[in-house]
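First, one chain by itself in structure tokens, the form predicted alone.
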């Protein structure tokens, strides 16, 4: 009887030790804008380090996909790099940083500045040769983003308005693909998130304003946009903890280190 009792005690102790040592895993899914995705991945890695048992899955797909996945509940947090459309309202929005959109050309292109009207005319096809705006005598290769891209959505709102893109245009699925195309074609022009800017291409001044954090935060550089985290309702629990982390001093430091403009 004594040994049976001791056995029960040992079993209970071992069971308690197992339960204490067992790590409960909490999963978060973040989906949407491919522009927001890189900073979301970095923030997620740091958040996981500080929260044992938390696993965050960050997926791309574009801003429109981020809105839809948030609305449907497929994602806990959506990502958008454009303002929401009227038919997308109703979600809870948290701006974690600001980003600029850079008009990029090949480094060998002598053009250094354009007006917003000239940019629009290039992408509508009204301007088709670089010599029309002071460049070399060569046809312009226009590179666009895919439909649903947050970068494209912001570009359409800021630059295109009611105008349509020209028919003969190259479509690429990411900032990196646009950058690579422009870097490999002296006559190409495209637009990317300034976070994705590299020395292989150059960003043009727009309306005489240099695209950088200072001019974006001051409101002088007009081609800028918000990086938004979306939730179906006001965030709570682990979702709120992650968003609060993105807005914390550490989270904003990370955003700044990655080339974004902080909001706090």
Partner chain sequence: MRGDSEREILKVSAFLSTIVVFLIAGFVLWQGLPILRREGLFSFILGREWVPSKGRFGVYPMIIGSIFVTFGALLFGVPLGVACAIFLAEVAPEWMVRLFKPTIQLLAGIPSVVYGFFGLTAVVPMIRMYLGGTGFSALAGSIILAIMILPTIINISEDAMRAVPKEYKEGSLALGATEWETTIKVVLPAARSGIAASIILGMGRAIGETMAVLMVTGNTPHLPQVERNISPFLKVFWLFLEPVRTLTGNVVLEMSYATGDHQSALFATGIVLFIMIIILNVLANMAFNRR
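Computed from a predicted model, the values in this text were never measured in an experiment. Positions refer to the first chain, counted from 1.
The protein also exists as the form predicted in complex with the partner chain; that form is not presented, and the subsequent description refers to it.
Novice: At the 4.5 Å heavy atom threshold, is residue 141 in contact with the partner chain in the predicted bound form?
Specialist: Output for residue 141 is yes: heavy atoms within 4.5 Å of the partner chain.
Novice: Is there a heavy atom of residue 128 no more than 4.5 Å from a heavy atom of the partner chain in the predicted bound form?
Specialist: Contact with the partner chain, yes.
Novice: May I ask you to check whether residue 211 falls inside a 4.5 Å heavy atom distance of the partner chain in the predicted bound form?
Specialist: Flag for residue 211 set to no.
Novice: Closest heavy atom of residue 226 to the partner chain in the predicted bound form, within 4.5 Å or not?
Specialist: Although the partner chain is absent here, residue 226 would stay clear of it in the predicted bound form, with no heavy atoms inside 4.5 Å.
Novice: Residues 100, 193 and 218 are flagged as a possible site; in the predicted bound form, is every one of them within 4.5 Å of the partner chain by some non-hydrogen atom?
Specialist: Checking in the predicted bound form: none of 100, 193 and 218 is within 4.5 Å of the partner chain.
Novice: With the partner chain left out of view, choose which of 146, 83, 117, 113 has a non-hydrogen atom within 4.5 angstroms of it in the predicted bound form.
Specialist: Exactly one residue meets the criterion: 146.
Novice: Could you work out which of 133, 95, 169, 160 is the residue within 4.5 angstroms of the partner chain in the predicted bound form, going by heavy atoms?
Specialist: Filtering the options by heavy-atom distance leaves 169.
Novice: Quick one: name the residues from 176 to 208 with any non-hydrogen atom within 4.5 angstroms of the partner chain in the predicted bound form.
Specialist: Stretch hits, in order: 181, 184, 185.
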